[in-house]
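What follows is a single chain, given as structure tokens, in the form predicted alone.
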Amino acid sequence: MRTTVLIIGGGVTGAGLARDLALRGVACVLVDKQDVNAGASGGNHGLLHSGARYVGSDPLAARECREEGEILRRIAPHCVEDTGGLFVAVSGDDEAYVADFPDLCAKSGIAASRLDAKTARDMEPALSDRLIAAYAVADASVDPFKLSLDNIGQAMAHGARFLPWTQVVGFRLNAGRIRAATLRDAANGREYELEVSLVINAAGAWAGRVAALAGPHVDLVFSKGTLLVTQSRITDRVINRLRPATDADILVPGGTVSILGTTSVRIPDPDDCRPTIAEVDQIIDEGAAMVPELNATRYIRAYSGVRPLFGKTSAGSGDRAVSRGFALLDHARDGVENFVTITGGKLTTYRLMAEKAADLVCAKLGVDAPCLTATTVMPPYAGGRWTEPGLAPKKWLKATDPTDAILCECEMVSKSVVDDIVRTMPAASPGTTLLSIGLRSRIGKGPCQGGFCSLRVAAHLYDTEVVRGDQGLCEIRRFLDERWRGVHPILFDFPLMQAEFQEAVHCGLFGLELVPGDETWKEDA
């Protein structure tokens, strides 16, 4: 096999790079050792920043967020819910920062309209009655999975290839250049070489490990951010705490739920990332200061992502002091001429990161085609449409087909939707079909967190001969193990009893404790 550019990492930056290069006519292959958005791109608020969060700490990042948010609204409005946002301060918050906020916004070109407390509470009744200041800004929410899948869809329409469950395990170098990458197919363990002209490392928190395969060292700090998902939507708008960035100060509406977070906790290994009970308690306590309802609402899940922060922290400084900007590293300086790393950054600025990286790549390749991603509309991709909350029930109700049984009652996902996802998604590795369907739909996102729908979907996959033998049982176990990481830290009272009932069903009827969990399912010879 051969390609011009190999992109490593199927997060939103890698997906944006594939789209950028494909639109310039550069052949490329995008690989990920798991599936789309397996890292930080799938573990965030889904917040399209106005930039106001960074006006006090990083004015450049603030301007980039403002500009990129405007671009994304133009090229992919179907990925964005233009909610608007509020920055609110409550009694006890830093009044000096509150006083400086409008001028800081103005310096970064960010519109911030002052509201009196009554008006703000009329707009969002869930806000605290201890409000001392409020400003309206142009925040929005964005579906990160639809965004990545739509980027990949347009890239593939222009000739790019996407290979999920494909890990880069080595490089063959000669005379200071990478000649080929060794890829391992998770489905069968087979390794093979892909000859390349250039490699882009967009592996997020794993970028240092990928770079080391070719020799260069990349300084990264792993900052875990934990978030909580409420069972219902608390506010219509994004709510930000009006203070210097710290923990649990953003509440983002996402479809029918709200997402509260985040934290910033240094961890030594990006593979060891899961929410803890202590983080959950801290997030709720902090968030309830601006939205008291958060103290009493039901949460259905916690999850964590790892921010790959570029650079080192000085002694005594926290990870909040490390820039949230991005770094573009040309490893020619390290003696590898055709190797580039792009890391850091934010969901909001992914397109800009991809453009800068693609500009460098094209300069190295002698390609003079301009970047088109800021002006070319990104159409919805069929393989990503079922991530949208509410779409599956709308289609089901409109079709009125009595044979199209509902498999996920929480989100009303039917058999025909599952069939459509299986038809449009890349070939999954044995053992990951259910996980890949979950990434491309609302299955497992509701209150049961896959406790019942995983069984029904697996049964349908058996009926349609997508899985066979023990594969379905192994996939159920793996799917539930993944959801359990986020359910376990929030269980108490009645939800704890429900979880114990589900465990009794899973073990008593299906014997799931006896089948492999995290181990990748291997087909019998």
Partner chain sequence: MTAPTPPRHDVDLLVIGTGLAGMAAAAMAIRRGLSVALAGAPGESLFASGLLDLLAVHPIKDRRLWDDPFAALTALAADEPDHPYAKLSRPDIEAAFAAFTAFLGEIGLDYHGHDGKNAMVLTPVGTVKHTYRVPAGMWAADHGIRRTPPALIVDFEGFKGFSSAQIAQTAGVFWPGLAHVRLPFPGGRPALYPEPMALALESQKNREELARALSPHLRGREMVGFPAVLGIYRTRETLAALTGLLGMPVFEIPTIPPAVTGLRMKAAFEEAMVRMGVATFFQKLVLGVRAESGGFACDVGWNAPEAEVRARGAILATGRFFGKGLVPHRKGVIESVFGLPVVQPASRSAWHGEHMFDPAGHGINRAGLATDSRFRPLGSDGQAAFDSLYAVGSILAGHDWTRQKCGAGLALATSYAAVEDFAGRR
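The structure presented is a predicted model; accordingly, all values stated were derived computationally and were not measured. Residue numbers count along the first chain shown, from 1.
The form predicted together with its partner chain is left out here; the points below concern that form.
Participant: For the chain shown here without its partner, which stretch in 485 to 493, 35 to 43, 22 to 30, 57 to 65 has non-hydrogen atoms within 4.5 angstroms of its partner chain in the predicted complex?
Facilitator: Correct option: 485 to 493.
Participant: Please determine whether each residue of Leu163, Gln167 and Arg307 possesses a non-hydrogen atom within 4.5 angstroms of its partner chain in the predicted complex.
Facilitator: Checking in the predicted complex: none of Leu163, Gln167 and Arg307 is within 4.5 Å of its partner chain.
Participant: I need to confirm a contact call. Of Asp129, Asp281, Asp82, Asp401, which residue comes within 4.5 Å of its partner chain in the predicted complex, counting heavy atoms only?
Facilitator: When its partner chain is considered in the predicted complex, the option within 4.5 Å is Asp281.
Participant: Name the single residue among Arg274, Arg172, Lys356, His158 that comes within 4.5 Å of its partner chain in the predicted complex, judging by heavy atoms.
Facilitator: Of Arg274, Arg172, Lys356, His158, the residue with a heavy atom within 4.5 Å of its partner chain in the predicted complex is Arg274.
Participant: Heavy atom to heavy atom, is Phe452 within 4.5 Å of its partner chain in the predicted complex?
Facilitator: Yes, contact at 4.5 Å.
Participant: Although its partner chain is absent from this view, report whether Ile406 comes within 4.5 Å of it in the predicted complex, heavy atoms only.
Facilitator: Although its partner chain is absent here, Ile406 would touch it in the predicted complex, with heavy atoms inside 4.5 Å.
Participant: Is Glu70 a contact residue for its partner chain in the predicted complex, using a 4.5 Å heavy atom cut-off?
Facilitator: Judged by the heavy-atom cut-off of 4.5 Å, Glu70 is well away from its partner chain in the predicted complex.
Participant: Does the 4.5 Å heavy atom contact test between Asn295 and its partner chain in the predicted complex come out positive?
Facilitator: It does: once its partner chain is placed as it appears in the predicted complex, Asn295 has a heavy atom within 4.5 Å of it.
Participant: May I ask you to list the residues of 445 to 463 that have any heavy atom within 4.5 angstroms of its partner chain in the predicted complex, in sequence order?
Facilitator: Stretch hits, in order: Phe452, Leu455, Arg456, Ala458, Ala459, Tyr462, Asp463.
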